[in-house]
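Shown next as structure tokens: one chain only, the form predicted on its own.
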């Protein structure tokens, strides 16, 4: 394990050095990414300012939902970028995975270390700015349990969204090209988690509850942090199901990944 971790960190250091070769271009990319994502929230802010709230949620409360998932997704997109189906499909098409399989090192660790998109800090930064705005504006009754649970929720979101990237990459073993449908769940899930669950129709809410348990990753933890009542009538443990839900998704994704890897056949390129 220590050897694998050491090799992974060396791969990441190589990635970071290569990305920092052209620093002006790098920081310009970070800035533009951050500004682009800020514009998305700003448009939502203008709408909410006009109507006052959405399903009873004020602007700072929606900002809390939005900020958490943006920080988490940006972090996931940076750490799990090797499993991004767009990136991984190149491994399959070019036969690069054949080289990976020949090396005396964990295949998953090599995939993790093959890409680390540092410019995602632009999205993380804008999400953090929105989250800080929410935390400063909202009158949250902080307890030691809430202080400890907030990073747990963020970690859970990172793991759950990373699991979807792993599923998308696994499908590439059979399709060679990325499967667009996985983006509906991944990026669509981010959009769903950015708003109160009660604004969505019952069928969509059910999909992101019982098929992909996103409702436990952001909405229910937010109810706990903001001391809001539960309008959907779930059990009292629902706000604390974030980490178990994420671990279940990650375990399922890992098993699917190992199954797909065992069925891999080179494209011959």
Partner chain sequence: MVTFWRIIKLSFLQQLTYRTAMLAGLVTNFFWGLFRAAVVMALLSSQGSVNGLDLPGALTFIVVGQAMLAFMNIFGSYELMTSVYTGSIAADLVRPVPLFFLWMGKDLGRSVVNLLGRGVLLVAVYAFFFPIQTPKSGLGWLAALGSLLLGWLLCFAWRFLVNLAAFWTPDARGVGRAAFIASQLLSGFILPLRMYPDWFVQFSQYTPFPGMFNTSMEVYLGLLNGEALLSALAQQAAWLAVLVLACYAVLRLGLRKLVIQGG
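Positions refer to the first chain, counted from 1. For clarity, every value in this text was computed on a predicted model and none was experimentally measured.
Note that the form predicted together with its partner chain isn't included here; everything after this is about it.
Among residues of the shown chain, residue 187 is one whose heavy atoms approach its partner chain to within 4.5 Å in the predicted bound form. Contact check for residue 192: a heavy atom falls within 4.5 Å of its partner chain in the predicted bound form. When contacts are judged by a 4.5 Å heavy atom cut-off, residue 180 counts as touching its partner chain in the predicted bound form.
Its partner chain is not shown here, and in the predicted bound form it never comes within 4.5 Å of any heavy atom of residue 223.
Every residue in the set 24, 33 and 48 has a non-hydrogen atom no more than 4.5 Å from its partner chain in the predicted bound form. The partner is absent here; in the predicted bound form, the one residue of 145, 132, 152, 199 having a heavy atom within 4.5 Å of its partner chain is 199. Note on the interface: of 64-72, 51-59, 215-223, 234-242, the segment with non-hydrogen atoms within 4.5 angstroms of its partner chain in the predicted bound form is 51-59.
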